[in-house]
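Consider the single chain below, provided in C-alpha coordinates and representing the form predicted alone.
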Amino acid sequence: MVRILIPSGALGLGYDPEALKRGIANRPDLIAIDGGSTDSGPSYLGRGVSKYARSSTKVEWAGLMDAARRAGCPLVIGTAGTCGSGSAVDWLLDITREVLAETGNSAKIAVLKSDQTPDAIAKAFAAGQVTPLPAAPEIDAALIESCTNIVALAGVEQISEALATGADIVIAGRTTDTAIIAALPIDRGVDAGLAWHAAKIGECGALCATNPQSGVLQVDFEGDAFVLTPLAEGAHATPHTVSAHMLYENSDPYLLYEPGGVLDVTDAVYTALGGTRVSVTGSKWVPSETYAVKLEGARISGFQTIVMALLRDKRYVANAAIWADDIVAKCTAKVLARTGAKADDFSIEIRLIGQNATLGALEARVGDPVEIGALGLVTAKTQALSGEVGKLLNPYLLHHPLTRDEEQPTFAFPFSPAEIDRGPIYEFCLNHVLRLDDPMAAFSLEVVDG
(Lines give C-alpha, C1' and ligand atoms only; values in the text may rest on other atoms or scores of the structure.)
Protein backbone atom coordinates (compact mmCIF):
# COMPACT_ATOMS: atom_id res chain seq x y z
CA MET A 1 0.00 0.00 0.00
CA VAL A 2 1.08 3.59 -0.71
CA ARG A 3 -0.31 6.45 1.38
CA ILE A 4 -0.20 10.14 0.44
CA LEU A 5 -1.20 12.96 2.79
CA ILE A 6 -2.45 16.21 1.24
CA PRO A 7 -2.73 18.95 3.90
CA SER A 8 -4.46 21.59 1.79
CA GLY A 9 -5.29 22.73 -1.71
CA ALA A 10 -2.42 25.22 -1.59
CA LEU A 11 0.24 26.38 0.83
CA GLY A 12 -1.08 29.63 2.26
CA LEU A 13 -4.74 28.58 2.48
CA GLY A 14 -4.37 27.02 5.92
CA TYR A 15 -5.13 23.50 7.15
CA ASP A 16 -6.77 21.81 10.12
CA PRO A 17 -3.90 21.08 12.58
CA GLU A 18 -5.83 18.33 14.36
CA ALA A 19 -6.64 16.60 11.09
CA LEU A 20 -2.98 16.91 10.12
CA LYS A 21 -1.99 15.18 13.38
CA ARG A 22 -4.29 12.29 12.53
CA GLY A 23 -2.68 12.07 9.12
CA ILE A 24 0.81 11.98 10.60
CA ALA A 25 -0.22 9.22 12.99
CA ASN A 26 -1.29 7.15 9.97
CA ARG A 27 2.34 7.14 8.74
CA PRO A 28 2.09 8.49 5.18
CA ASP A 29 4.72 7.68 2.58
CA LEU A 30 4.67 11.26 1.31
CA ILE A 31 3.21 14.66 2.18
CA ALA A 32 2.34 16.64 -0.94
CA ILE A 33 1.00 20.17 -1.28
CA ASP A 34 0.48 22.56 -4.16
CA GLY A 35 2.00 26.02 -3.98
CA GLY A 36 -0.20 27.86 -6.44
CA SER A 37 -1.57 28.10 -9.96
CA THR A 38 -2.64 30.60 -12.59
CA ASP A 39 -5.93 31.26 -10.75
CA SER A 40 -4.87 34.67 -9.49
CA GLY A 41 -3.91 36.06 -12.87
CA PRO A 42 -0.72 36.75 -14.81
CA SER A 43 0.91 39.34 -12.53
CA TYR A 44 2.47 36.76 -10.18
CA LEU A 45 4.15 34.89 -13.02
CA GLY A 46 5.02 38.12 -14.77
CA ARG A 47 6.77 39.45 -11.66
CA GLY A 48 7.95 36.07 -10.38
CA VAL A 49 6.48 36.56 -6.90
CA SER A 50 4.11 34.81 -4.49
CA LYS A 51 0.52 35.82 -3.92
CA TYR A 52 0.61 34.69 -0.31
CA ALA A 53 2.10 36.56 2.63
CA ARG A 54 5.57 35.42 3.63
CA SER A 55 4.61 35.30 7.30
CA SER A 56 1.65 32.99 6.68
CA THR A 57 3.61 30.84 4.25
CA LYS A 58 6.41 30.41 6.78
CA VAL A 59 4.06 29.34 9.58
CA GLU A 60 2.28 26.76 7.42
CA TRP A 61 5.46 25.49 5.76
CA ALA A 62 7.20 25.11 9.13
CA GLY A 63 4.23 23.05 10.31
CA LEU A 64 4.49 20.76 7.29
CA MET A 65 8.26 20.43 7.63
CA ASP A 66 7.71 19.31 11.21
CA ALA A 67 4.91 16.96 10.14
CA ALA A 68 7.11 15.29 7.51
CA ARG A 69 9.93 14.89 10.04
CA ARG A 70 7.61 13.23 12.55
CA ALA A 71 6.07 11.02 9.88
CA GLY A 72 9.49 10.06 8.54
CA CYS A 73 8.56 10.80 4.93
CA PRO A 74 9.46 13.29 2.20
CA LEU A 75 7.66 16.61 1.83
CA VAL A 76 6.97 17.82 -1.73
CA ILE A 77 5.61 21.13 -2.96
CA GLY A 78 4.85 21.95 -6.57
CA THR A 79 4.42 25.38 -8.19
CA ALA A 80 6.29 26.95 -5.29
CA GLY A 81 5.53 30.59 -4.55
CA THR A 82 2.20 30.67 -6.45
CA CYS A 83 3.71 30.96 -9.95
CA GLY A 84 6.56 28.42 -9.88
CA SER A 85 9.19 30.75 -11.34
CA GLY A 86 12.80 30.34 -10.29
CA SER A 87 12.62 33.45 -8.12
CA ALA A 88 9.57 32.03 -6.32
CA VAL A 89 11.37 28.73 -5.77
CA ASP A 90 14.33 30.62 -4.30
CA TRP A 91 11.91 32.55 -2.07
CA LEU A 92 10.54 29.33 -0.57
CA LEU A 93 14.02 27.82 -0.32
CA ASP A 94 15.05 30.86 1.73
CA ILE A 95 12.06 30.34 4.03
CA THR A 96 12.95 26.64 4.34
CA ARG A 97 16.50 27.39 5.39
CA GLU A 98 15.26 30.01 7.84
CA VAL A 99 12.92 27.49 9.48
CA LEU A 100 15.67 24.87 9.66
CA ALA A 101 18.04 27.36 11.30
CA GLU A 102 15.44 28.45 13.83
CA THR A 103 14.52 24.88 14.77
CA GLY A 104 18.07 23.54 14.81
CA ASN A 105 17.29 20.93 12.16
CA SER A 106 18.87 20.00 8.86
CA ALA A 107 17.45 18.57 5.65
CA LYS A 108 18.44 17.43 2.20
CA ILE A 109 16.55 19.61 -0.28
CA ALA A 110 15.96 18.89 -3.95
CA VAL A 111 15.31 22.05 -5.95
CA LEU A 112 13.54 21.50 -9.28
CA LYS A 113 13.24 24.55 -11.52
CA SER A 114 10.95 24.98 -14.52
CA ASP A 115 12.19 28.28 -15.97
CA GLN A 116 12.60 28.66 -19.73
CA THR A 117 14.61 31.41 -21.38
CA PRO A 118 12.79 33.35 -24.11
CA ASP A 119 15.70 32.64 -26.46
CA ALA A 120 15.45 28.88 -25.95
CA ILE A 121 11.67 28.87 -26.47
CA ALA A 122 11.98 31.08 -29.55
CA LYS A 123 14.45 28.58 -31.03
CA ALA A 124 12.18 25.66 -30.13
CA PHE A 125 9.26 27.51 -31.75
CA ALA A 126 11.26 28.05 -34.92
CA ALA A 127 12.13 24.34 -34.93
CA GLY A 128 8.46 23.32 -34.67
CA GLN A 129 8.76 22.00 -31.12
CA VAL A 130 6.27 24.53 -29.70
CA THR A 131 2.67 23.95 -30.79
CA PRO A 132 -0.56 25.70 -29.76
CA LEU A 133 -3.28 24.32 -27.55
CA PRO A 134 -6.92 25.06 -28.49
CA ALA A 135 -7.70 28.80 -28.46
CA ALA A 136 -4.02 29.67 -28.04
CA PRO A 137 -3.00 33.15 -29.22
CA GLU A 138 -0.85 33.65 -32.27
CA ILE A 139 2.78 33.98 -31.25
CA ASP A 140 6.07 34.87 -32.86
CA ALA A 141 9.68 35.29 -31.77
CA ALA A 142 9.12 38.92 -30.75
CA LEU A 143 6.23 37.98 -28.46
CA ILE A 144 8.24 35.18 -26.87
CA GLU A 145 11.18 37.52 -26.28
CA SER A 146 8.83 40.00 -24.55
CA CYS A 147 7.97 37.50 -21.80
CA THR A 148 9.30 38.41 -18.37
CA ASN A 149 8.92 34.81 -17.18
CA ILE A 150 8.24 31.52 -18.96
CA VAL A 151 7.77 28.22 -17.13
CA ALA A 152 7.14 24.66 -18.23
CA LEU A 153 4.75 22.48 -16.23
CA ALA A 154 6.62 19.49 -14.81
CA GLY A 155 4.95 16.11 -14.69
CA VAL A 156 5.55 12.82 -12.92
CA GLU A 157 8.90 12.19 -14.59
CA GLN A 158 10.53 15.33 -13.19
CA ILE A 159 9.10 14.87 -9.69
CA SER A 160 10.29 11.26 -9.73
CA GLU A 161 13.81 12.45 -10.56
CA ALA A 162 13.70 14.82 -7.59
CA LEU A 163 12.43 12.12 -5.22
CA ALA A 164 15.10 9.71 -6.47
CA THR A 165 17.76 11.96 -4.93
CA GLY A 166 16.58 10.83 -1.50
CA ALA A 167 15.72 14.39 -0.54
CA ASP A 168 13.76 15.11 2.63
CA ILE A 169 12.14 18.11 0.96
CA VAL A 170 11.40 18.72 -2.72
CA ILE A 171 10.76 22.32 -3.73
CA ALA A 172 9.55 22.32 -7.32
CA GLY A 173 8.87 25.15 -9.72
CA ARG A 174 5.79 25.05 -11.93
CA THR A 175 4.23 21.59 -12.02
CA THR A 176 0.87 20.22 -12.91
CA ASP A 177 -1.26 20.12 -9.77
CA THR A 178 -1.43 16.34 -10.00
CA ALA A 179 2.20 15.41 -10.65
CA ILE A 180 3.40 15.85 -7.08
CA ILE A 181 0.79 13.33 -5.89
CA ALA A 182 0.99 10.79 -8.70
CA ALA A 183 4.79 10.46 -8.91
CA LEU A 184 5.57 8.32 -5.84
CA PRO A 185 2.72 5.82 -6.34
CA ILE A 186 3.75 5.31 -9.96
CA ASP A 187 7.38 4.86 -8.89
CA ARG A 188 6.22 2.16 -6.49
CA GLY A 189 4.29 0.23 -9.09
CA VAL A 190 0.77 1.62 -8.68
CA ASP A 191 -1.23 1.59 -11.91
CA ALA A 192 -0.75 4.95 -13.64
CA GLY A 193 -4.47 5.40 -14.25
CA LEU A 194 -5.21 5.03 -10.53
CA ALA A 195 -2.33 7.31 -9.57
CA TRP A 196 -3.27 10.13 -11.93
CA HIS A 197 -6.96 9.88 -11.08
CA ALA A 198 -6.32 9.95 -7.34
CA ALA A 199 -4.00 12.91 -7.85
CA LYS A 200 -6.65 14.82 -9.78
CA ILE A 201 -9.29 14.20 -7.12
CA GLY A 202 -6.90 14.95 -4.27
CA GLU A 203 -5.10 17.96 -5.73
CA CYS A 204 -7.18 20.44 -3.72
CA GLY A 205 -7.20 18.47 -0.49
CA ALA A 206 -10.62 18.16 1.12
CA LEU A 207 -12.32 20.16 -1.62
CA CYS A 208 -13.55 16.76 -2.85
CA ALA A 209 -15.42 16.23 0.45
CA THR A 210 -17.81 17.93 2.82
CA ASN A 211 -16.14 20.53 5.06
CA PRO A 212 -13.81 21.43 2.18
CA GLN A 213 -12.12 24.22 4.16
CA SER A 214 -10.53 21.67 6.49
CA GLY A 215 -8.00 20.84 3.80
CA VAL A 216 -6.51 17.56 5.00
CA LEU A 217 -7.05 14.49 2.81
CA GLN A 218 -5.51 11.00 2.88
CA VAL A 219 -5.14 8.92 -0.29
CA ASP A 220 -4.44 5.19 -0.04
CA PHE A 221 -3.57 2.96 -2.99
CA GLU A 222 -4.70 -0.59 -2.31
CA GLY A 223 -4.59 -3.19 -5.09
CA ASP A 224 -6.72 -2.06 -8.03
CA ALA A 225 -8.32 0.85 -6.13
CA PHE A 226 -7.53 4.09 -4.41
CA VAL A 227 -9.37 5.23 -1.30
CA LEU A 228 -9.97 8.86 -0.32
CA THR A 229 -10.39 9.71 3.37
CA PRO A 230 -10.97 13.28 4.60
CA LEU A 231 -9.41 13.56 8.04
CA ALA A 232 -11.20 16.55 9.56
CA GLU A 233 -13.79 15.89 12.25
CA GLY A 234 -17.19 15.40 10.62
CA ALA A 235 -15.90 15.56 7.04
CA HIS A 236 -17.25 13.03 4.57
CA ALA A 237 -16.33 11.95 1.06
CA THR A 238 -19.15 10.64 -1.11
CA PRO A 239 -19.23 9.26 -4.65
CA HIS A 240 -20.80 12.57 -5.69
CA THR A 241 -18.23 14.86 -4.07
CA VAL A 242 -15.39 12.73 -5.40
CA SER A 243 -16.57 12.18 -8.98
CA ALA A 244 -17.56 15.84 -9.32
CA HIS A 245 -13.98 16.95 -8.84
CA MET A 246 -13.11 15.74 -12.35
CA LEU A 247 -14.99 18.85 -13.52
CA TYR A 248 -12.88 21.17 -11.39
CA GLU A 249 -10.69 23.28 -13.70
CA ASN A 250 -11.21 20.68 -16.42
CA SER A 251 -13.26 21.01 -19.58
CA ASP A 252 -13.98 17.29 -19.88
CA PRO A 253 -15.44 15.22 -17.00
CA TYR A 254 -13.80 12.04 -18.31
CA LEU A 255 -10.46 13.04 -19.81
CA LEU A 256 -7.50 14.81 -18.23
CA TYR A 257 -4.41 15.59 -20.30
CA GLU A 258 -1.07 15.46 -18.51
CA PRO A 259 2.57 15.29 -19.64
CA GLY A 260 3.05 11.95 -21.34
CA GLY A 261 -0.56 10.94 -21.81
CA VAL A 262 -4.21 11.27 -20.95
CA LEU A 263 -6.24 10.02 -17.98
CA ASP A 264 -9.53 8.38 -18.98
CA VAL A 265 -12.08 7.89 -16.18
CA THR A 266 -15.01 6.89 -18.41
CA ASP A 267 -15.23 3.47 -16.75
CA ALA A 268 -14.35 4.58 -13.22
CA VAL A 269 -16.53 3.25 -10.41
CA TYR A 270 -16.99 5.22 -7.17
CA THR A 271 -18.00 3.24 -4.10
CA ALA A 272 -18.91 4.64 -0.69
CA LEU A 273 -17.13 3.04 2.27
CA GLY A 274 -18.67 3.47 5.70
CA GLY A 275 -20.22 6.85 4.91
CA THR A 276 -16.98 8.83 5.11
CA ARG A 277 -14.59 7.30 2.55
CA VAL A 278 -14.77 6.53 -1.15
CA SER A 279 -13.04 3.80 -3.15
CA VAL A 280 -12.39 4.29 -6.87
CA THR A 281 -11.56 1.68 -9.50
CA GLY A 282 -11.49 1.48 -13.30
CA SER A 283 -9.34 4.52 -14.18
CA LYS A 284 -7.10 4.19 -17.25
CA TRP A 285 -3.92 5.91 -18.39
CA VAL A 286 -3.34 6.20 -22.14
CA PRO A 287 0.29 7.12 -22.99
CA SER A 288 0.85 9.64 -25.77
CA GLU A 289 3.13 9.01 -28.76
CA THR A 290 5.25 12.06 -27.95
CA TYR A 291 6.17 13.70 -24.67
CA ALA A 292 5.24 17.36 -24.21
CA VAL A 293 4.89 19.83 -21.36
CA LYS A 294 2.67 22.89 -21.24
CA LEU A 295 4.25 26.34 -21.33
CA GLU A 296 3.04 29.40 -19.46
CA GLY A 297 4.40 32.84 -20.18
CA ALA A 298 3.53 36.35 -19.04
CA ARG A 299 4.58 39.75 -20.28
CA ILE A 300 3.90 43.42 -19.61
CA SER A 301 0.81 44.50 -21.53
CA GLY A 302 0.75 48.15 -20.41
CA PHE A 303 0.75 50.45 -17.43
CA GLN A 304 -2.31 51.35 -15.43
CA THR A 305 -3.82 54.11 -13.32
CA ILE A 306 -7.08 53.74 -11.45
CA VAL A 307 -9.50 56.43 -10.27
CA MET A 308 -12.62 55.70 -8.23
CA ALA A 309 -15.71 57.78 -7.50
CA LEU A 310 -18.89 56.92 -5.62
CA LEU A 311 -22.38 57.77 -6.89
CA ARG A 312 -25.32 58.02 -4.45
CA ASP A 313 -27.77 60.35 -6.17
CA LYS A 314 -30.72 58.19 -7.30
CA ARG A 315 -30.80 59.68 -10.76
CA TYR A 316 -27.13 59.09 -11.36
CA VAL A 317 -27.28 55.58 -9.91
CA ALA A 318 -30.15 54.77 -12.28
CA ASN A 319 -28.32 56.25 -15.28
CA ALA A 320 -24.78 55.29 -14.35
CA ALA A 321 -24.07 53.43 -17.59
CA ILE A 322 -25.11 56.40 -19.73
CA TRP A 323 -23.04 58.73 -17.53
CA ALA A 324 -19.98 56.47 -17.72
CA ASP A 325 -20.16 56.02 -21.51
CA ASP A 326 -20.37 59.79 -21.97
CA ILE A 327 -17.32 60.33 -19.74
CA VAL A 328 -15.28 57.75 -21.65
CA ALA A 329 -16.15 59.37 -24.98
CA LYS A 330 -15.46 62.94 -23.84
CA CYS A 331 -12.27 62.12 -21.90
CA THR A 332 -10.90 60.05 -24.78
CA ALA A 333 -11.43 62.98 -27.14
CA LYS A 334 -9.70 65.34 -24.71
CA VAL A 335 -6.70 63.01 -24.33
CA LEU A 336 -6.31 62.81 -28.12
CA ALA A 337 -6.60 66.59 -28.44
CA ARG A 338 -4.28 67.61 -25.61
CA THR A 339 -1.56 64.98 -25.11
CA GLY A 340 -0.45 63.99 -28.58
CA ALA A 341 -1.25 60.37 -27.78
CA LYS A 342 -2.69 58.16 -30.51
CA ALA A 343 -5.83 56.09 -30.10
CA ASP A 344 -3.90 52.83 -29.69
CA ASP A 345 -1.60 54.30 -27.05
CA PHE A 346 -4.20 54.16 -24.27
CA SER A 347 -7.67 53.01 -23.26
CA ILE A 348 -10.20 54.28 -20.74
CA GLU A 349 -12.77 52.03 -19.11
CA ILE A 350 -15.26 52.71 -16.31
CA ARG A 351 -16.50 49.67 -14.44
CA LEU A 352 -19.62 50.26 -12.43
CA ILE A 353 -19.16 48.43 -9.16
CA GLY A 354 -22.63 47.33 -8.15
CA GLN A 355 -23.99 47.32 -11.70
CA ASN A 356 -22.82 44.46 -13.93
CA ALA A 357 -19.15 45.02 -13.07
CA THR A 358 -18.43 41.29 -12.98
CA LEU A 359 -20.32 39.89 -15.98
CA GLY A 360 -21.04 43.02 -18.01
CA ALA A 361 -23.59 42.39 -20.76
CA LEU A 362 -23.93 38.75 -19.65
CA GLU A 363 -25.49 39.72 -16.30
CA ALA A 364 -28.96 38.17 -15.93
CA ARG A 365 -29.87 39.42 -12.45
CA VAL A 366 -31.55 42.76 -11.70
CA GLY A 367 -31.04 44.70 -8.48
CA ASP A 368 -31.74 48.13 -7.01
CA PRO A 369 -28.46 49.49 -5.60
CA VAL A 370 -28.36 52.44 -3.22
CA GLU A 371 -24.97 53.48 -4.58
CA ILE A 372 -22.58 52.59 -7.33
CA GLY A 373 -18.82 52.78 -7.44
CA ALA A 374 -17.37 54.04 -10.70
CA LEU A 375 -13.92 52.52 -11.17
CA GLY A 376 -11.98 54.22 -13.91
CA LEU A 377 -9.27 52.07 -15.48
CA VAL A 378 -6.70 53.80 -17.64
CA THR A 379 -4.27 51.56 -19.48
CA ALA A 380 -1.48 53.01 -21.60
CA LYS A 381 1.85 52.18 -23.17
CA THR A 382 3.76 54.11 -20.50
CA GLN A 383 3.10 54.91 -16.86
CA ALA A 384 3.59 58.62 -17.58
CA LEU A 385 0.80 58.59 -20.17
CA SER A 386 -1.42 56.48 -17.94
CA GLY A 387 -1.02 58.94 -15.07
CA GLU A 388 -1.66 61.90 -17.36
CA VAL A 389 -4.87 60.36 -18.71
CA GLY A 390 -5.90 59.56 -15.11
CA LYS A 391 -5.59 63.24 -14.23
CA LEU A 392 -7.71 64.17 -17.24
CA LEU A 393 -10.32 61.62 -16.15
CA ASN A 394 -10.38 62.95 -12.56
CA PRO A 395 -12.64 66.02 -13.06
CA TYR A 396 -15.13 63.99 -15.10
CA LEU A 397 -15.60 61.46 -12.32
CA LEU A 398 -15.94 64.27 -9.78
CA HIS A 399 -18.34 66.65 -11.56
CA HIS A 400 -19.65 65.32 -14.89
CA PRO A 401 -23.43 65.99 -15.34
CA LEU A 402 -25.83 63.69 -17.13
CA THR A 403 -27.12 66.55 -19.29
CA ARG A 404 -25.59 69.82 -20.44
CA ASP A 405 -28.02 72.26 -18.77
CA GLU A 406 -28.44 70.79 -15.31
CA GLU A 407 -26.63 71.89 -12.16
CA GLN A 408 -23.13 70.55 -11.79
CA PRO A 409 -23.03 67.46 -9.52
CA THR A 410 -20.27 66.53 -7.12
CA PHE A 411 -19.40 62.93 -6.36
CA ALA A 412 -17.08 61.42 -3.78
CA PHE A 413 -13.50 60.25 -4.16
CA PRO A 414 -12.61 57.69 -1.45
CA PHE A 415 -8.89 58.47 -1.80
CA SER A 416 -6.66 61.49 -2.12
CA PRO A 417 -4.94 61.67 -4.49
CA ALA A 418 -7.69 60.10 -6.52
CA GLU A 419 -5.32 58.71 -9.15
CA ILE A 420 -3.50 55.56 -8.10
CA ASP A 421 -0.72 54.31 -10.35
CA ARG A 422 -0.70 50.53 -10.51
CA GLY A 423 2.50 50.30 -12.51
CA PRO A 424 2.99 47.56 -15.09
CA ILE A 425 0.17 45.12 -15.73
CA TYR A 426 0.69 41.68 -17.22
CA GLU A 427 -1.03 39.28 -19.57
CA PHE A 428 -0.69 35.56 -20.21
CA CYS A 429 0.59 35.13 -23.74
CA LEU A 430 1.48 31.44 -24.09
CA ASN A 431 -0.96 28.54 -24.15
CA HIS A 432 1.29 26.10 -25.93
CA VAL A 433 3.12 22.82 -25.41
CA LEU A 434 6.82 22.11 -25.77
CA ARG A 435 7.78 18.73 -27.22
CA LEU A 436 10.71 17.08 -25.44
CA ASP A 437 12.82 14.07 -26.37
CA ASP A 438 14.10 13.93 -22.79
CA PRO A 439 11.59 14.88 -20.04
CA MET A 440 14.37 16.55 -18.03
CA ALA A 441 15.69 18.59 -20.96
CA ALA A 442 13.65 21.67 -20.00
CA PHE A 443 14.19 21.39 -16.25
CA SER A 444 17.07 21.75 -13.79
CA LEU A 445 17.56 19.73 -10.61
CA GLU A 446 19.93 20.58 -7.78
CA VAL A 447 20.31 19.03 -4.35
CA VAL A 448 21.33 21.39 -1.54
CA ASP A 449 21.76 21.07 2.20
CA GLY A 450 19.66 23.13 4.55
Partner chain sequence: MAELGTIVEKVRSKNAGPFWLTVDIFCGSPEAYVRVRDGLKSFDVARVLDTPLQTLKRFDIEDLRVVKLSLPRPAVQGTREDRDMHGAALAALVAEIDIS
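Since this is a predicted model, take the numbers as computed values, not measurements. Numbering follows the first chain given and starts at 1.
FYI, the form predicted together with its partner chain isn't displayed, but the following is about it.
Do residue 40 and its partner chain come within 4.5 Å of each other in the model of the complex, heavy atoms counted?
Judged by the heavy-atom cut-off of 4.5 Å, residue 40 is in contact with its partner chain in the model of the complex.
Is residue 11 one of the residues lying within 4.5 Å of its partner chain in the model of the complex, judged by heavy atom distances?
Outside the cut-off, so no.
Indicate whether residue 379 is a 4.5 Å heavy atom neighbour of its partner chain in the model of the complex.
Although its partner chain is absent here, residue 379 would touch it in the model of the complex, with heavy atoms inside 4.5 Å.
Is there a heavy atom of residue 72 no more than 4.5 Å from a heavy atom of its partner chain in the model of the complex?
Taking the distances in the model of the complex, the answer for residue 72 is no, it never comes within 4.5 Å of its partner chain.
Its partner chain in the model of the complex: contacting segment from 158-166, 346-354, 332-340, 114-122, heavy atom within 4.5 Å:
This holds for exactly one stretch, 346-354.
Quick one: of 244, 93, 99, 328, which gets a non-hydrogen atom within 4.5 angstroms of its partner chain in the model of the complex?
Selected residue: 244.
With its partner chain taken in the model of the complex, which residues across 248-268 come within 4.5 angstroms through any non-hydrogen atom?
Going through 248-268 in order - heavy atoms within 4.5 Å of its partner chain in the model of the complex - the hits are 248, 249, 250, 251, 252, 253, 254.
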